[in-house]
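Structure 1 and structure 2 below are the same protein chain in two forms, each given by itself as structure tokens.
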Structure 1
Amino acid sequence: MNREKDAVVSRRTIELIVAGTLAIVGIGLAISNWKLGASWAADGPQPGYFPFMLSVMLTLASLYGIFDALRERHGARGDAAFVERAQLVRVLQVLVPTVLFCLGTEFLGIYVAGFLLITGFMRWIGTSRWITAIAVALVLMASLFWCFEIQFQVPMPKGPIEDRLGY
């Protein structure tokens, strides 16, 4: 009835996806390391030996994970929601801006991208007024700039605006 509470996906499905992915990754890594040389030479293991064994163990443990997720005794817990619709929306509300922020960092530098992220987030996800959002973001990013670039001289990715200002 209440669509907000609808399960987007069950816990069991995600358990299976995670374990399945890990099993496939395990197999892929095992093959890669086998090619590198995973046997036991006269002076001990070859470079691929350890990662090979680890990949094999990862595959086996993940296969057990698949078996475990399908077992009866997890029934009720497995059917429970991994994430409800409203929850997923809220998670995406953070995740999508974060990805945009990373993209922005590539082109605008971290300070400008950070300023945009904080302002936008406070205005649209939160309920702050424009003036508050801009003021908070400006003060925060300026103090970070002062702290990293000037005080501790740890350079951050910068974009065209800092370029103009001579940094």
Structure 2
Amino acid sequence: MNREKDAVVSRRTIELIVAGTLAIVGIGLAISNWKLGASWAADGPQPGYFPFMLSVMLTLASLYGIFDALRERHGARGDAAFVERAQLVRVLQVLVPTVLFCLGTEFLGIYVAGFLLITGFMRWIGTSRWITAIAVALVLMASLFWCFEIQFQVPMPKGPIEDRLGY
């Protein structure tokens, strides 16, 4: 297998993107907490003192990460693939249904969207039979409904099916 052909993006590129993003977040948090008050007052630290210190540490660590990634010559670590195509496909097999579950929860409710997610995962990723996947998803969602809606009386996002059932 040719690793260079299967490489989607290099590890060094990902390190630079992540460290740069964290540095920007750290700087933004530091500015925000400085405005809140990041010094030591007569009665102790101001509200932004500890978050400011943490954001400075985050920024410094991120800048070190950028420096470390830039000083690395084209060696084993810098040119290595961060993720190969087969690995990316496997991640997307979980990510895409999970995103669809989140969107589906808005329109179908958490129980129906959860039923579809579990059935889909068991069928296509776990290669379970249809009857097994449906049975497990149905029992699990019914158990969660009983636990949250009936026992704890915690309202969860519901869709049109629960509305027709009176919940």
Partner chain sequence: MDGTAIESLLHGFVVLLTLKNILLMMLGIILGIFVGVLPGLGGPNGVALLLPLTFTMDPTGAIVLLSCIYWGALFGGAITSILFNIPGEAWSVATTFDGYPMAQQGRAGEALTAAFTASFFGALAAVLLITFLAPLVARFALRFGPPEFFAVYFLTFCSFVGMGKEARHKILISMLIGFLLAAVGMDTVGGSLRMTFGFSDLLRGFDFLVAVIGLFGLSEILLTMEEKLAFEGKQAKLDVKVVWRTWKSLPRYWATLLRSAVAGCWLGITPGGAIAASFMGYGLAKRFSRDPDSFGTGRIEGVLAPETAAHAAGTSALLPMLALGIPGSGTAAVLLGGLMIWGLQPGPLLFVEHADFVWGLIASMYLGNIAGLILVLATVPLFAAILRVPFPTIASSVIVLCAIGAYAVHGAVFDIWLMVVFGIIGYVFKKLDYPLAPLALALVLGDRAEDAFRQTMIASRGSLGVFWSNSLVGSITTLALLLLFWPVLSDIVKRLRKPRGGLPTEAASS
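Just so we're on the same page, residue numbers count up from 1 along structure 1's sequence. Think of the rigid core as the biggest set of C-alphas that the two forms share within 1.5 Å after superposition. All figures in this text were calculated on a predicted structure; none of them were measured in a lab.
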Form predicted together with its partner chain - which displayed structure it is: 1
C-alpha of residue 119 off by 2 Å or more between structures 1 and 2 on rigid core: no
Shift of residue 59 between structures 1 and 2 at or above 2 Å (CA, core fit): yes
Large Cα move at residue 107 between structures 1 and 2, threshold 2 Å, rigid core: no
Residue 32: CA movement between structures 1 and 2 [superposed on rigid core, Å]: 7.9
